[in-house]
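The chain below stands alone and is given in structure tokens; this is the form predicted on its own.
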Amino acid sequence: MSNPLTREQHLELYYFMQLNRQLEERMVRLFRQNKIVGGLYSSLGQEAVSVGSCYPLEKKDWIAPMIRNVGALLVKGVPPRDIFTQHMAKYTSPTQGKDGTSHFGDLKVRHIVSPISMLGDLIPVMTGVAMAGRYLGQNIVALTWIGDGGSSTGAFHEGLNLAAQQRAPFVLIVENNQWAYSTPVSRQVPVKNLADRAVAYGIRSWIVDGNDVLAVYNASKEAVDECRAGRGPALIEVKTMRMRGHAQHDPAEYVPKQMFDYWKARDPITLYEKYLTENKIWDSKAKAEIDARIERELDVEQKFAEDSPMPPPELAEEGVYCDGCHEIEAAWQRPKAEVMPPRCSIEPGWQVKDYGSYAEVEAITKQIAAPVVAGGGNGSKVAKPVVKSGGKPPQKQQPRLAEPETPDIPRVPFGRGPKDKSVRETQNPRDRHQNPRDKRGRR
């Protein structure tokens, strides 16, 4: 490992992943008992992503979790009772029962920005947090997650482009969990690796096994260190699998059974348990102690949530607008004079060394003279380039295209028939014209 962990840290990674899974399994049971008020989005199979990517962060760093990043909340110190009560819309929840899903944060203590339902919008928000932290002299790193589907939004591009241009200390984790609701990645984007998009912004990227918590941790640690040193931002694509539907109401019948079987054999917790055993980091007794501890803690936290009251009706009109109820003050950790004139003033002009030239075009231009010469017999004059002695004719510029991969495309069992364009494009051209209808509508 490039970033070796202590035995205690190894065991803590297991603790957080298993706590994440057992917490969500209990919430599934509560959902089926109609005790969960809003939607419930499972991160089964993705625990290594949330835990491994958040673990390298320091207490002062900021995160903005998505709906499947419960593990990151736990690493940041959010108690399970807050997650229970939030989804049950209890008065003791972080939002006092005003939200029934995952829209809660902690700006003052844990530095957690609440999720935004419009996918991709957290990227420009966290770019702003990263830039603000640098402006205030805090030396922080901001991190958020986006799914494979959300990576196709305009906010993804705009936020990442701004972060890249500003060299913001910002880390983006792209969770490639194979499905954007019911759309497979292969039918959404023409590239195999979503991390290839980082090249367009001139930033570093990694592609890692999202079911290997140590691989996720190592890539995240390196990216965080690079950002803190002023060499950010960074993008990490983690390849994993969403082992349940988009939410509890979705049975995920569109996912081929063979795909579930393949990823089930690569369960992140099972893989990590095997690693801990093979490397003699723990024994059966240590594992049993951690599992028992998780069971005890969740029993207490779930009981607290179930015993908590629902919010009183009069609370609905409170906390809607801020009318001087609290002060907002930036946490400056550098002299303000450093970012104010005259110390921060610069000349409003920049030197562009190559004047924006295209070197290859410029070299060809020097070899070519373009006098007007007689045309072909009709008396017209046509401008033709003349190659100088010893020169070479200009070569036609070849387009820079990546070779797209054509993987086997999972067939979606609804909404696709012979008239669907996507079906016609995958058919053999000869088969496409078999038994055509004539102009009279007969076969």
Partner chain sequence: MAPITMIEGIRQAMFEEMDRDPAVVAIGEDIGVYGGAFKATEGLLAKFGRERVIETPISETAIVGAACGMGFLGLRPVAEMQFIDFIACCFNQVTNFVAKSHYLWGAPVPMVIRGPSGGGVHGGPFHSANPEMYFVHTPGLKIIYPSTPSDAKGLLKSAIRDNNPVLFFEHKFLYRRIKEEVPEGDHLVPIGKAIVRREGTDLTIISYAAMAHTSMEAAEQLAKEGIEAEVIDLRTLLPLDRETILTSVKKTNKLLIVHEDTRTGGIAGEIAAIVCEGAFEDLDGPIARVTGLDTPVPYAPTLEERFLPNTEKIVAAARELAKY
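Note that the coordinates shown come from a computational prediction; the quantities given were computed from them, not determined experimentally. For the two forms, the rigid core is made up of the largest set of C-alpha atoms that agree within 1.5 Å on superposition. Positions refer to the first chain, counted from 1.
Below, we refer to the form predicted in complex with its partner chain, which is not included among the displayed structures.
Each of 105, 336 and 340 within 4.5 Å of its partner chain in the model of the complex, by any heavy atom, yes or no?
All three within 4.5 Å in the model of the complex.
Using heavy atoms only and a 4.5 Å cut-off, determine which of 112, 276, 290, 214 is in contact with its partner chain in the model of the complex.
The residue from 112, 276, 290, 214 that makes the contact is 112.
In the model of the complex, which of the listed residues (124, 245, 184, 311) lies with a heavy atom within 4.5 Å of its partner chain?
None of the others qualify; the residue that does is 124.
Can any non-hydrogen atom of residue 315 be found within 4.5 angstroms of its partner chain in the model of the complex?
The answer is yes: residue 315 has a heavy atom within 4.5 Å of its partner chain.
Quick one: does residue 232 come within 4.5 Å of its partner chain in the model of the complex, counting heavy atoms only?
Because no heavy atom of residue 232 falls inside 4.5 Å of its partner chain in the model of the complex, the answer is no.
Is residue 306 one of the residues lying within 4.5 Å of its partner chain in the model of the complex, judged by heavy atom distances?
Although its partner chain is absent here, residue 306 would stay clear of it in the model of the complex, with no heavy atoms inside 4.5 Å.
According to a 4.5 angstroms non-hydrogen atom cut-off, is residue 158 in contact with its partner chain in the model of the complex?
Close contact exists here: in the model of the complex, residue 158 approaches its partner chain to within 4.5 Å, heavy atoms only.
Among 204-212, 292-300, 188-196, 342-350, mark the stretch whose residues have heavy atoms within 4.5 Å of its partner chain in the model of the complex.
That would be 342-350.
Along 117-153, which positions have a non-hydrogen atom within 4.5 Å of its partner chain in the model of the complex?
Stretch hits, in order: 118, 121, 122, 124, 125, 128, 129, 131, 132, 133, 135, 136, 138, 140.
Taking 2 Å as the cut-off, check whether the CA of residue 342 shifts that much or more between this form and the one not shown after a rigid core fit.
Shift of 2 Å or more: yes.
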